[in-house]
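Read the single chain below, which is given as structure tokens and is the form predicted on its own.
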């Protein structure tokens, strides 16, 4: 993870501000930085999105491919995650510096999203035990200024909303086997229901309080963080503690409660924004990345 050096005086300044619910950039402890979302930004994917959160920028592309269902769940499709930590995001990712972080992020995303409570995996099944859709989710970190998990989760939800999977027609061949045909019509496609797809909220323990959407400077003052994935109903689907410090039970309870509150409030405006953007169709003006 990208880090910055913070002096003792800066730490005291940040800690005292958070204690009084006033952060360096003027936000409260449970406020996010300005967020920008663009969908359908990469032409050679089935779904894509770019999210900018403060100075953190993430690009997600999704490709749908036909594969074989896993033996344990023959009537479900699945998702595969790959995170690429670009050296442009921070010099620390040069060479093999970002590989460990990429693996850590991929494993966490797999736990959060690749389950039947988050995505309708049965809807990805084409023929039980034989064929299913596999969604390859590629995440590229373009800029890193803290709070990667939250930005990535929003980008994945937006990209899944934007994903269009070709309609499949199954017919029998002369030998009695199954023949799969994909529709050539770009409008004859299947869309995913992303209502239950969770968003990740990362809460950093700074002093005796916790903050949402921590910057790199605030992260340097934090002893430990709690990652919580929350659905639109406020249901917690996954929790994970990161960082070298410890969290007492009372702090975990308070952070979980705050995470549920913040995560639940994040879904409604996100879905409204995605639906508004899609309703514009081709008249939508593309700004920023690949505009």
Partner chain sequence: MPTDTKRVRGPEVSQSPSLFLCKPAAVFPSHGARADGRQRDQVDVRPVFVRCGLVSQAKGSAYIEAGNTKLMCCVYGPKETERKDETDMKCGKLTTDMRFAPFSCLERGSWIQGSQDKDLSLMLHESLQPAVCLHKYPRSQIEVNVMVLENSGSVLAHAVTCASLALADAGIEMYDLVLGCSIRQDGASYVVDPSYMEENSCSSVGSKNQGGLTVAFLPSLNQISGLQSDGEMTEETLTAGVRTCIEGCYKLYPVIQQALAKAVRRAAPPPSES
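Positions refer to the first chain, counted from 1. None of these values were measured; they are calculated from a predicted model.
Only in words, not in the display: the form predicted in complex with the partner chain, which the text now covers.
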{"item": "In the predicted complex, residue 94 touching the partner chain (heavy atom, 4.5 Å)", "value": "no"}
{"item": "Partner proximity in the predicted complex: residue 242 to the partner chain, non-hydrogen atom cutoff 4.5 Å", "value": "yes"}
{"item": "Any non-hydrogen atom of residue 107 within 4.5 angstroms of the partner chain in the predicted complex", "value": "yes"}
{"item": "Any non-hydrogen atom of residue 222 within 4.5 angstroms of the partner chain in the predicted complex", "value": "no"}
{"item": "Complete contact of 71, 236 and 256 with the partner chain in the predicted complex (any heavy atom, 4.5 Å)", "value": "yes"}
{"item": "Segment that reaches the partner chain in the predicted complex - one of 139-147, 207-215, 153-161, 112-120, heavy atoms within 4.5 Å", "value": "112-120"}
{"item": "Proximity to the partner chain in the predicted complex, single hit among 252, 35, 265, 29 (heavy atom within 4.5 Å)", "value": "252"}
{"item": "Contacts with the partner chain in the predicted complex - residues in 259-277 whose heavy atoms fall within 4.5 Å", "value": "260"}
